[in-house]
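Let's start with one chain on its own, the form predicted on its own, as structure tokens.
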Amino acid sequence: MDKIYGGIYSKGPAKKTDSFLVDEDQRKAEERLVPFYLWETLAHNFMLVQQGIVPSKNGKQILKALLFFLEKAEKEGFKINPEIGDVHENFEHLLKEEIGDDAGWFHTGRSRNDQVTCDQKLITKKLLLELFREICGLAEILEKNSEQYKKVVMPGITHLRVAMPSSFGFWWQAYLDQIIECEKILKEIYLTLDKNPLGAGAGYGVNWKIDPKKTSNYLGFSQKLNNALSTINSRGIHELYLLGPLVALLTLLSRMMEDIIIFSMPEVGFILLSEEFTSGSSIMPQKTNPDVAEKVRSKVGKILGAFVSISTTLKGTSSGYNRDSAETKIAIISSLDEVISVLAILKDMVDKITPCLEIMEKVVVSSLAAKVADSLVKKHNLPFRQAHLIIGKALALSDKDLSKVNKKVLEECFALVTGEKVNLENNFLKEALSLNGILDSFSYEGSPNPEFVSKVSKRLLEENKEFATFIDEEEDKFNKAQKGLVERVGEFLKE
């Protein structure tokens, strides 16, 4: 089959070369790029006509055909023929069939290099906005849980051991806080990616008086290119900028899932998972397995794999375009799809988790050792390290069970450590081990005190709302740019 670059060939690439270059994964990625390819091709060709580079008569033929292809692709989709080549080669082939040799004008003033980089940026922006919407929704649910459960006492955990008293709301807020941090980082990455590659050509510009500012406006980009070679070299590097934070996000979610899996174990019983997000055992009737949480936990490996794949692929390439970078479109599209699907189901699962209050309160008693030590410091003016030692020795004499420590044991350990006898108040241990107002004893923002949990959650919610506004603005800009270009071209064709 004739190639767009066939002039230099006497025979042409073998069919197996075509199949290798556009394999099944590549073909699927190319087909996902079709609407974005047609959009940016429409923008470029409209600009060429406006700049007087392509004659109006020929340009109108091209623009009319592109509008037809775009409408058809949106309704029916489009199948790439690997024997023809990539998405560009397929549509140049179609355009030639549609309007003849005048199709040869439509690739004036650009290269497949800047064109495919542009397509990849457009689909990345589109998918990122979908991802942003999902992560914003997850943050809303985390904030709701944080506020709803801010007074539900639960044990804090370190080293998978009961540590200090906390609250279920405080635990949710810990993840909310980090999710908001992820939002900020991803927003900056989005703004970095929001740069129009058209005009870079193959990396060294084009010999025509094109107008990158026009195509940037037509495509909804906030910036035009700075340097043609940098633009082409950035393909894959920009994807690494994005994949790094996505790996961090899924690592964070994996940790949340690990907590949820442990907390929901029947032997622990801190929380209940909705049956909607579990599966049963084929052999053991008693089991409901946390499969969704486990599946979410596994996903970080795929995104990390994409990061490693792209960085390994690019590390040995020279400046300028190399075919190696074609792999980056597969990695980034599949990674964004993966993260979007994770966030979508995670929102629903997290929204339906319920705490088991009595179990958590019962266990939290064993986390009060530090509070008892602090009470000794306050009431007997001891250095904290001595108080720590006293409680440690008392636990050693009581089977390491705080509930078995009594007044006599504590007084003996006090004397052993300090060399002084003390007569503890009869209600000392009762007050120190009381859960009444346990969270109110924290007196600063950032602690589990319900008042401060609410204060922090309110601030984080406002930050999430600002992010939601950013998403609304960018989605509106993206959609208006595409719709506006189609309308402008349509009006131009009527002239």
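Because the structure is predicted, anything quoted here is derived from the model rather than measured. One rule holds for the numbers: they count along the sequence shown, beginning at 1.
Omitted from view is the form predicted in complex with a further copy of the same chain, to which the following refers.
The partner is absent here; in the predicted bound form, the one residue of Ala73, Leu252, Ile123, Ile84 having a heavy atom within 4.5 Å of a further copy of the same chain is Leu252. a further copy of the same chain is not shown here, and in the predicted bound form it never comes within 4.5 Å of any heavy atom of Asn90.
Although the partner is absent here, Gln61 lies well away from a further copy of the same chain in the predicted bound form, with no heavy atom inside 4.5 Å. When contacts are judged by a 4.5 Å heavy atom cut-off, Asn479 does not count as touching a further copy of the same chain in the predicted bound form.
The closest heavy atom approach of Gln148 to a further copy of the same chain in the predicted bound form falls outside 4.5 Å. Residues within 4.5 angstroms of a further copy of the same chain in the predicted bound form, judged by any non-hydrogen atom, belong to 383 to 391 and to none of the other stretches in 73 to 81, 214 to 222, 137 to 145, 383 to 391. Taking a further copy of the same chain as positioned in the predicted bound form, the residues of 141 to 172 that bring a heavy atom within 4.5 Å of it are, in sequence order, Gly156, Ile157, Thr158, His159, Leu160, Arg161, Val162, Ala163, Met164, Pro165, Ser166, Phe170, Trp171.
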